[in-house]
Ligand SMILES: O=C(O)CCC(=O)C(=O)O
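As structure tokens, one chain now follows by itself in the form predicted on its own.
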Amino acid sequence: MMRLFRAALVQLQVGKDRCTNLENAAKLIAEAKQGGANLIALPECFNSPYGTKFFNEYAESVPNGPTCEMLSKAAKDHSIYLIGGTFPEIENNKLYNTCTVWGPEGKLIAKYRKMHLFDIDIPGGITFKESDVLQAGNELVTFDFNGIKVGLGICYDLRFEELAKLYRLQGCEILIYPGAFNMTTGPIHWELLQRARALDNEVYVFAISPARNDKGYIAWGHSQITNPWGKVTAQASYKEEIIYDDIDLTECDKIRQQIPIFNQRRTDIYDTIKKL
């Protein structure tokens, strides 16, 4: 089992041209590999602008289509584990916001569909309703990274502590959330929620945002890695950049021994259970 590795989060600048977005992603994945990363993650909606009016236009099937082709090739060429952010997926005329994960041989090893759709209305802030266009996923998804169990969520899923708890109960040590918090919720909630999920569950949390644009849906940026002590160990600014962190998973072991909350849960009184 690999307990030490280097992770890279790629905070991409995303525009309206799919080919340009994919070429830029491929270039920065190669740069992250040159920087020594074994596991590389991209942001939410990295192949298209984020917005309900764009989802149908940019939707692709999985594992076919130009986005999956680029991700598969990049993972194989660089012999990495690649978390392919998210992009709009179409299947049976239904649209999903989907995260794909690719192994070092270029094979698809996991596919997660956003479970909690971003439907909010903040007067004077932001109104958005993903459910006008997207279907919700219904499955928790994990993958094995050299003996380490990793759980997947997308953006708004970060707000739901039960999802993270279920992943911890399944043995996850890392949770990865491609996300695109906005300029209303991002400044106060983005870092706080990641630190809460990491601390509550004694796991590493990786959250990967697009870089900030100046029009349309404006992402907060600030991609981040948080350790199981709840400490931010790497954080981006709002611009396009790659952040790296050398992950030592013995931190999970130590903290879980020092503060053994999962052994102390009163499951005779309460529990978090998976229904499906």
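As the structure is a prediction and not an experimental result, all values here were calculated from the model. Just count from 1 along the sequence shown to find any residue number.
Omitted here: the form predicted together with the ligand. The next part is about that form.
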Counting only non-hydrogen atoms, which stretch in 70-78, 174-182, 198-206, 143-151 is within 4.5 Å of the ligand in the predicted complex? 174-182
Are any of the heavy atoms in C155 no more than 4.5 Å from a heavy atom of the ligand in the predicted complex? yes
Is K129 close enough to the ligand in the predicted complex to count, meaning some heavy atom within 4.5 Å? no
Classify K107 as contacting or not contacting the ligand in the predicted complex by the rule of any non-hydrogen atom within 4.5 angstroms, answering yes or no. no
Residue-level question: is K94 within 4.5 Å of the ligand in the predicted complex, judged on heavy atoms? no
Though the ligand is not shown, can you say which of F118, Y167, Y112, W102 has a heavy atom within 4.5 Å of it in the predicted complex? F118
Taking only heavy atoms into account, state which residues of 28-45 are within 4.5 Å of the ligand in the predicted complex, ordered by sequence. E44
